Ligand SMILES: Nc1ncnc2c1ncn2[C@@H]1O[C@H](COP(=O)(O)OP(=O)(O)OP(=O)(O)O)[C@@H](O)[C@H]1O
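Quick heads-up: it's one chain on its own, the form predicted alone, in structure tokens.
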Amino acid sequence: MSSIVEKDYQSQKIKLDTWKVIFKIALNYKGAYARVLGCGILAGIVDLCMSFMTMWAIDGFMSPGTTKNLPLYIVAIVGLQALLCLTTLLMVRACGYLESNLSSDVRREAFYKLQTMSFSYFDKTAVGFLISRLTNDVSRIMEMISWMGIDLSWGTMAIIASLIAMFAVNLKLALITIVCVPILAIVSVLFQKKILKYQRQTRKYNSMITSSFNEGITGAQTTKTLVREELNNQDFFTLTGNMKRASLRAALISAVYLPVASIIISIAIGFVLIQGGHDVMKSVITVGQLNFFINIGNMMFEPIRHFAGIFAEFQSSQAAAERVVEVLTATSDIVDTPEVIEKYGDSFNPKRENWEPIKGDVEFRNVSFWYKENEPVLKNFNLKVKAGENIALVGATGGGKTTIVNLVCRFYEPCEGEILIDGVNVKERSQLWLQSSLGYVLQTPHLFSGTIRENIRYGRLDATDEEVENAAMMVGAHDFIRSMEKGYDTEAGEGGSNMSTGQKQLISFARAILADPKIFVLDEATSAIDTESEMKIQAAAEVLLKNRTSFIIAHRLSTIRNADRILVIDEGEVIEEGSHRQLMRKKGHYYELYMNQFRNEQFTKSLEAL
């Protein structure tokens, strides 16, 4: 299970700043909100008119026992009902439009934000948490702020109209009715903290469950090989149990809250009936007026009941909003300065005409770096690499090899010191300026959904089919691609699931070659490839890496014998440096590594021969 724990929001108070981010996006649909509010207000007015029509029916037809003006009454009732149906239709359509478009906009903005984030953000944020926030949480928020417009507009108008009508009919009965309003407010405040607490817990566990699903699917093979099925089930049942308990507590409190509000309202109406009945007996008001007053009272209390539900829903959505807004407002650890953006553009709006060509000189000046405070990976690291030089990095796992190349690529920023490309601090150029001239082949290759041709073409989108196929030929991938049923138009599958690891690696290598990078990084790129494929890539690499600055992190030391310089890295320091021959003559650390690996390979071959 993931070691990344979802952020706890329990100690946070409700902040309007959280909702400002959401409402800023919602303001793009002011017209739709205006339609909802307008129709809601009209619906409230129609409800008020219907109460007047009921009073007219009692005092005008029922009490005197006459049918005079009955046709006019029927026409008026039918007209009001038709108008109410029309306003309801328009409101529902507008709310549906708001929900779908707002959800789409928030997800697009969040996806855009994630494209700009540095590697460190994804180190600290689990994929499952992000998926949960951008699916479940976004849906919950947008459903609320889209549809609550109906209750707010209709309810507000109903309350205002009801108060005016009640005070106009009978001051004493109106005062009795509104006594319950401050009591309702006090009850709402008492329930607020508990509801919010458990809704936040529910959203937190929901993210953790989504993350667990993600790990269970992507790590299915590891689960089988380590026989972790039972342990995974126990962990998952614990998460679902925690979410169940938090959800039940939130539901219980909400379930208690709404009836309590209804009881308070019912008591108020009961007192109105008692006092109103006495007034009817004394002929202070008519039966129609009393009925009108009761209808108006219900008309006012009905939206208050809805407001109680909205209040409870808001507590739930507040927790979801906090999590979504955290994604929308996240800031990358690597940000280009305004001056750099002004001249060179950003990742989505590059000003390529201002980009200086990259030669490939790389320099580390007193660079220190750590992923966690007080745990340095590099400390005062210095290195000069000339353009076109081939540098190999070897050493024990965790020594800092990958960190060095990630800093060269500006996937992370030095904590101290500076990195220069062609004598210029990389911070004085845009990220895209550097990364557009990089070729990076990872130890674990990743392909996108789409055809093999499309995956190779991602290296350079304007490449022709011939150039794509030439790149595949250079790494020896052309033959196996052509042998597939649809050749280059074969679907790679999600993450390249339709191909072997070695085939995916060759395709990712062809993709990097097609980009024609000035700086090439191979992060143990041949470790997952069979010997025959490795020989093909080595032959192609000798040609491709010529006159290009390249960094090779090597597991198989036999692949780096032709490197211009080999750096032996241990705990973030270069403990040996030189060509393969020079280091072998020294008979130091590199010599021991090479000979041990050579002996192991010979032993393996002997066993295979048997």
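Keep in mind that this is a model prediction, so the values were computed, not measured. Numbering starts at 1 and runs along the sequence shown.
The protein also exists as the form predicted together with the ligand; that form is not presented, and the subsequent description refers to it.
Chemist: Just one of 100 to 108, 333 to 341, 395 to 403, 421 to 429 has heavy atoms within 4.5 Å of the ligand in the model of the complex; which?
Modeler: Among the listed stretches, the partner-contacting one is 395 to 403.
Chemist: Looking at 152, 327, 377, 144 here, can you tell me which has any non-hydrogen atom within 4.5 angstroms of the ligand in the model of the complex?
Modeler: Contact with the ligand in the model of the complex is made by 377 alone.
Chemist: Have a look at 167, 458, 73, 371 for me and say which one sits with a heavy atom within 4.5 Å of the ligand in the model of the complex.
Modeler: Comparing distances to the ligand in the model of the complex, the residue within 4.5 Å is 371.
Chemist: Can any non-hydrogen atom of residue 485 be found within 4.5 angstroms of the ligand in the model of the complex?
Modeler: Residue 485: no contact with the ligand in the model of the complex.
Chemist: Classify residue 412 as contacting or not contacting the ligand in the model of the complex by the rule of any non-hydrogen atom within 4.5 angstroms, answering yes or no.
Modeler: Yes - in the model of the complex, heavy atoms of residue 412 and the ligand come within 4.5 Å of each other.
Chemist: Contact between residue 555 and the ligand in the model of the complex at 4.5 Å, heavy atoms?
Modeler: Although the ligand is absent here, residue 555 would touch it in the model of the complex, with heavy atoms inside 4.5 Å.
Chemist: Using 4.5 Å between non-hydrogen atoms, is residue 123 touching the ligand in the model of the complex?
Modeler: Residue 123 belongs to the contact set for the ligand.
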